[in-house]
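First, one chain by itself: the form predicted on its own, in structure tokens.
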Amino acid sequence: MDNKEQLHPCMIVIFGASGDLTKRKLIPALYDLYTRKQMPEHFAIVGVSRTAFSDDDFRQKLFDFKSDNYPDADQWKAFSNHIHYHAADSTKLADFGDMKARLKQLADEHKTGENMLFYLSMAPQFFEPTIQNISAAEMVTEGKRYCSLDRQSKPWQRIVVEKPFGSDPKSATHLNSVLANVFEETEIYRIDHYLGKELVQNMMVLRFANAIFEPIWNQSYIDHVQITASETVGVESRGAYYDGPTGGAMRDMIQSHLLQVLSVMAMEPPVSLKAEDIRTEKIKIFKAMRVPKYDDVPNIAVRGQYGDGQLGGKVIKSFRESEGVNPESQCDTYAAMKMYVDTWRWGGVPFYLRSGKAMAKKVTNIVLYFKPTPHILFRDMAKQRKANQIVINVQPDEGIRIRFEGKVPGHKLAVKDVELDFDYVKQWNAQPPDGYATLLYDVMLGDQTLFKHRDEIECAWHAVQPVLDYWQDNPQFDLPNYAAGTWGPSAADILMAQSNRYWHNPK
């Protein structure tokens, strides 16, 4: 559906614009929207950072990073005319005077009006002072929505906050309070690029538009669920960050991305497709997540750290040899966790979440394992039979695969697993749009469906904090405990084997 007519003129202000995210993700995503004619007619993009650049220097820096992102020279030129740069330190209120004057001048030049989208693309320690300075500089007009004299035509100011959103429940709650002092909840967009991925959104269609799936999407039929996000690369140049207080697979991936995927996969049907109705159902799932007890952590969670290894002929050095990493680091580059969602639908069904770096294959998927059939017609073949599965590939090879049993042709009764495969690219002859493009478009529309509510953030932290506390208090002396290029530590396989289950490791 083309909602371009609902896009209001706006200015996009990216704080921390000299960083990697802007050139790697944000500008390419906005360019993609521009070429698809999904940007407002009147818009401007202003990068703000301490490094001094002219507008032309900044544009060239963005283009040179990866010119393949911008294959059409004329379109890039037209698009880049909307890009500007202003050197300022957003943590210093004194710098906001000149910044406001520049933004006013550019707003007049590009006819963007007072609508403004603030994007915090910076280290998390700069979030709070930047938010407070936006408020102190009176860049949020009319204050609270309910005080507005004209709610229909009220200019809007929205803010997008990147992860990490806090490092524990206390810091996340504090950041939510800081945001709430300046912005209404309806104007706060806590971004998670996983929710912008096409196949995550497609889960709602799979479940709620198909009568063959929804009746069996519950504890009566499903044995367990696995959610995996694995990467083949190590930490590369991000070793110091990853070994810091907001790094590690549990904080970086499971607490943020994978619990969000779980909430969409497990939610009840919303009463409508409006953002508030979808978020209401997601919040119910987050509130139903069973918070593990401290003493139970060894039985429900596994951490790992990669050592030396090879993948595709490439040698990968151990995490502890990465620049900026403590040679005795306890950081988890791999984490797996068994969770329960205590609702009527999911009571007793374990959810296994895992994420790791330097693993055997790059994949993000959700796998539903179904319970065995109750009859014993094929008991002689029981050892060869596999569980029925629905595999939702989020990335790469986007699609949905259903594994079930079929008869092998011939006179002899032989059963073998077969697959029905829906390949997203082949079926629609189109590549899924980048997650950031989808999410930025939604921010400009004012659609919060794919963004986190404050309750989701805080519940997610509470769900993993006992694990983090236990790991902090109990150093693990066998690290590193898995070779780069493998599927993680053996303890993760033991975690599954304890209940006669196994990980779905795609070849």
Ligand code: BG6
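This structure is a prediction, so every number in the text was calculated from the model and none was measured. Residues carry their position along the shown sequence, with the first being 1.
Just so you know, the form predicted in complex with the named molecule exists too; it's not on screen, but the next bit is about it.
*Asks:* Is M253 part of the interface with the named molecule in the predicted complex - any heavy atom within 4.5 Å?
*Replies:* Residue-level check for M253: yes, a contact with the named molecule.
*Asks:* Within a 4.5 Å heavy atom cut-off, is K362 in contact with the named molecule in the predicted complex?
*Replies:* Taking the distances in the predicted complex, the answer for K362 is yes, it comes within 4.5 Å of the named molecule.
*Asks:* Is H193 a contact residue for the named molecule in the predicted complex, using a 4.5 Å heavy atom cut-off?
*Replies:* Yes.
*Asks:* Answer with yes or no whether H257 is in contact with the named molecule in the predicted complex, where contact means some heavy atom within 4.5 Å.
*Replies:* Residue-level check for H257: yes, a contact with the named molecule.
*Asks:* Looking at the named molecule in the predicted complex, do all three of K163, E231 and Q395 come within 4.5 Å of it through at least one heavy atom?
*Replies:* Yes: K163, E231 and Q395 each sit within 4.5 Å of the named molecule in the predicted complex.
*Asks:* For the interface check, one of 341-349, 207-215, 126-134, 354-362 should have non-hydrogen atoms within 4.5 Å of the named molecule in the predicted complex; which one?
*Replies:* Contact-bearing stretch, as computed: 354-362.
*Asks:* Just one of H224, R238, H110, R403 has a heavy atom within 4.5 angstroms of the named molecule in the predicted complex, so which one?
*Replies:* None of the other options qualify; the answer is R238.
*Asks:* Hey, which residues along 22-39 are within 4.5 angstroms of the named molecule in the predicted complex, non-hydrogen atoms only?
*Replies:* Nothing in the stretch sits within 4.5 Å of the partner.
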